[in-house]
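One chain comes next, on its own, written out as structure tokens in the form predicted alone.
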């Protein structure tokens, strides 16, 4: 594809940051499910057994938290809600049916992407904080049994929420043709940009 037909969307650093976060979340989901219920214990084989799974799970959580923190500071200003997002959400049926003409011109992210961003921001923060309470190797002396019980419930519920949001995120990236190349090659086509993020496209073209 001609270089004249593509628009840069993500830097190499942003893509590396994204994939570290994504891989960490997948590993956490697998190791967390292995620890969550006996029927899923077989997943511990992916991490070298039960003890190793229990040992590495919280450390992967630390990697996820700080990796996502990098994404948060990179992109949070671009994910602030505005009136165009409200209009977009009210016309979600048209978006799903691939009828985006007549909708507001969008910046770098649409309302759905913003909801994913803020949803994961809140859930990952809660997962990290509740995980620290449950990390007895280092913090057992600083928390009570009741706090651990509450944290276990919060941790499980937030993990389920984060996994569901991740599934929606992946599905949307596959469903909207041309989106995946943004995080694999760092660029998107001009046609994709014009159709889905026209305001952002105008801004990018205006820079050159």
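Numbering follows the first chain given and starts at 1. Given the structure is predicted, the values throughout are model-derived calculations rather than measurements.
Separately, the form predicted in complex with ligand HEM exists; it is not shown, and the next lines address it.
### Message
Please identify the residue among 190, 18, 198, 185 with any heavy atom within 4.5 Å of ligand HEM in the predicted bound form.
### Response
Of the listed residues, the single hit is 18.
### Task
Report the stretch among 112 to 120, 84 to 92, 127 to 135, 98 to 106 that approaches ligand HEM in the predicted bound form to within 4.5 Å, counting heavy atoms only.
Heavy-atom contact with the partner occurs in 112 to 120.
### Query
in the predicted bound form, do 65, 155 and 158 all put a heavy atom within 4.5 Å of ligand HEM?
Per the other structure, none of 65, 155 and 158 touch ligand HEM.
#### Entry: 4.5 Å heavy atom contact, residue 26 and ligand HEM in the predicted bound form
Yes - in the predicted bound form, heavy atoms of residue 26 and ligand HEM come within 4.5 Å of each other.
### Query
Would residue 151 count as touching ligand HEM in the predicted bound form under a 4.5 Å heavy atom rule?
So residue 151 does not count as contacting ligand HEM.
### Task
Determine whether any heavy atom of residue 33 comes within 4.5 Å of a heavy atom of ligand HEM in the predicted bound form, and answer yes or no.
Residue 33: no contact with ligand HEM in the predicted bound form.
### Task
Consider residue 41 of the chain shown here, and say whether it contacts ligand HEM in the predicted bound form, taking contact as heavy atoms within 4.5 Å.
Residue-level check for residue 41: no, no contact with ligand HEM.
### Query
Out of 60 to 80, which residues reach within 4.5 Å of ligand HEM in the predicted bound form, heavy atoms considered?
In sequence order, 68, 71, 75, 79 come within 4.5 Å of the partner.
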